[in-house]
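Okay, so here's just one chain, in structure tokens, the form predicted alone.
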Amino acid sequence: MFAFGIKTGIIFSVSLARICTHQPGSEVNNNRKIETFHLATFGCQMNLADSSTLTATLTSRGYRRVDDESRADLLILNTCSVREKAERRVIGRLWDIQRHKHQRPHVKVAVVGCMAQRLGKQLIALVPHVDYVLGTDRLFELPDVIEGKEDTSPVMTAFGHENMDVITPARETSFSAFVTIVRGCDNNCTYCIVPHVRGSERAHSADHIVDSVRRLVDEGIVEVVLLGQNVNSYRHRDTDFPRLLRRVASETDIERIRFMTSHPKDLSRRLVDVMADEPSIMPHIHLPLQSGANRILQKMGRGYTVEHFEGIVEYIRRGLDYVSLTTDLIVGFPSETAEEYESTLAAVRRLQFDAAFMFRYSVRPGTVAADYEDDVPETEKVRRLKRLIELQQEIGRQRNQREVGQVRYGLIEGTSRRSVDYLRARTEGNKIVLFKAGEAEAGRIIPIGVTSADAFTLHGDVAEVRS
């Protein structure tokens, strides 16, 4: 998987026997204390949610987060394994931060999350200056590990929590928060590493989720994103996902509810009906198609056909007055023919997605598809991906043109990345709209008249100030 080999020996950079106390700020090498930490997150919204919770956990134990990694005693990387490129980025980052350990020998390095889960002890053999490796179910125990608590060790990758609800959501910003409703995945798509690194599905209780949203509202949160590898499969006792959505919408004062990711085989008409009934549920659905060829979908283990997918989209668009639909697409899956690739392009033209995440297939060790012959040449994968991106960008531009002349309510997230003279807001349909900065502040929801659009961004003016 990597261009460099994995060493056969496992080298631990730190021993728990060298940690002197079990309190925050415990003594480590060179009589220096772990007091500050820097956390970098790679990957999906689930990882961002986990990082928010880990930050809150460390902070509650007396540790202080710093933005400058050169001032941190503990460097944490929350990692992604969904593609080889993501893991290569982490490896490169780990070798880059080695300089901090050279300059300040007391510094510790923790790798947590999906890549830690997949590689375990091999990660320390590969990058010997890594001190702690905690998998997806164990990263929240990092404070116990660095404090040398009983029954902890530098490498912890076992799955399972006796009580899922001890993992509480934490705010991502002062106005938005991720709320994980289900961890793990039971779908076992042949190309996907997620079930291997996050385990089987375990759902938070509905009461825990509703109570968590209420608490976040009390803290000033106006928007929550309900997260799961497959939110549609959520079930806890007699509560399924549509019923959970209804409860969150009706039993809390949250202004905006989003969710992702949906799996096409599990998305029900009841879910669409709940969205139509509850104005606080935002009209955006991320629904991964992956391929427009039924044989490839079957080989991927997706559990639906293109025709089934199109029927879902038809019901969504018929049931909702306005909806933004986004997707994931993979080209160059093993044995994908030129005709099957053209079927994907044709499906994209028919379905008219607002946006898409598009990738060329890469082998993930440990998946079923890793045993397939990766027979689509890399140059052909690149060519197919380029054509698909160009097609989707044109469709995205056309879809965004339909927004021009409309008034959308945007949740202000901050200043534009390109100019401090403009603010950036997220519309009901999860589209970014830029408008001239005024007195409006981040966290407010205001009406914005859309005046122009390109393939990625809307532009507009404040229509009126909402009280």
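Numbers for residues come from their place in the sequence shown, where the first is 1. Please read these numbers as outputs of a predicted model, since none were measured by experiment.
The following text describes the form predicted together with ligand SAH, which does not appear among the structures shown.
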If you check in the predicted complex, do Thr53, Glu141 and Lys149 all have a non-hydrogen atom within 4.5 Å of ligand SAH? no
State the residue from Pro334, Gly396, Gly292, Pro288 whose non-hydrogen atoms include one within 4.5 Å of ligand SAH in the predicted complex. Pro288
With the partner omitted here, the residue among Ile330, Ala355, Val127, Ala203 that in the predicted complex has a heavy atom within 4.5 Å of ligand SAH is Ile330
Considering non-hydrogen atoms and a 4.5 Å limit, does ligand SAH approach Gln298 in the predicted complex? no
Is there any non-hydrogen atom of Val82 lying within 4.5 Å of ligand SAH in the predicted complex? yes
Ligand SAH contact at Cys192 in the predicted complex, heavy atom, 4.5 Å: yes
Taking 4.5 angstroms as the cut-off for heavy atoms, does Ser362 touch ligand SAH in the predicted complex? yes
Which of 239 to 247, 212 to 220, 388 to 396, 322 to 330 sits within 4.5 Å of ligand SAH in the predicted complex, heavy atom basis: 322 to 330
